[in-house]
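Encoded as structure tokens, the following chain is the form predicted on its own, with no partner shown.
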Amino acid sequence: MAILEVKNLKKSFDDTEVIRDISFTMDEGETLTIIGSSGSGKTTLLRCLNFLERPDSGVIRVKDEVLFDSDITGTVSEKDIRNRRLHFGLVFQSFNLFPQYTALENVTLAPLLLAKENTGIDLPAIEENARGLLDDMGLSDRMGNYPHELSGGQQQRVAIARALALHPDILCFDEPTSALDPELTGEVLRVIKDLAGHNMTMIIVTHEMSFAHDVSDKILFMDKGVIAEEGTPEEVIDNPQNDRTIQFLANYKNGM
């Protein structure tokens, strides 16, 4: 059974249709990578899945639970939206860490806020889990550091730990290395590959084609708000059939 089902998702801003009739499914433990030119709708799709934007129409279902259905979803409370977001974790391209908090505090903040709304949560376990996640990220000696004391790669690894702290069903990455110097990109990509090796269900938006080929179970190529081509890395990257996909990938092979 699919862990995520997206059906006929649409989103417009004013008169501009940014995503148009997007449908796809993914299985638990699968890594799905979304590629495409800037402006093709990739980030908007991630934001709709994470309920940072409300879709205009369509259906989003996780573990057979309907999170959004434009035919039946009316007014939704902020608490309901927060609960729906818990199914997803999102790692932003620009880290978005809170500068006034240490690495450890950044990771524990959201679970502690959630604990205030839900009785029975083990508070000491929140810090223990956060310490374990930062240790997994290779940051055991940086837990007390503030974001400005960390490199870009270290900040992004804190952001990944923060996203994992709420135990999401699906972890999403929006261009996780675009704000990094090339020499720092590798350390973040290694963390993501390790998560894939441990069967973390992930959706990754990236322009790193070699990485997308190596880490993905399935690739979607988006163009002008639609899925123009989808398949395995071998099908989409090695042997694309859509003319727009061929043109897009040729730019990377030519060094762009």
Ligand SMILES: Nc1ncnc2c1ncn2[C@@H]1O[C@H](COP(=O)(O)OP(=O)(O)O)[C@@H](O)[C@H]1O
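Residue indices: 1-based, along the sequence shown. A quick note: this is a predicted structure, and the numbers were derived from the prediction, not measured.
Missing here is the form predicted in complex with the ligand; even so, the following discussion is about that form.
- With the partner omitted here, the stretch from 37 to 45, 193 to 201, 23 to 31, 58 to 66 that lies within 4.5 Å of the ligand by heavy atoms in the model of the complex is 37 to 45.
- Though the partner is left out of this view, Leu9 does not reach within 4.5 Å of the ligand in the model of the complex, counting heavy atoms only.
- Val18 belongs to the set of residues with a heavy atom inside 4.5 Å of the ligand in the model of the complex.
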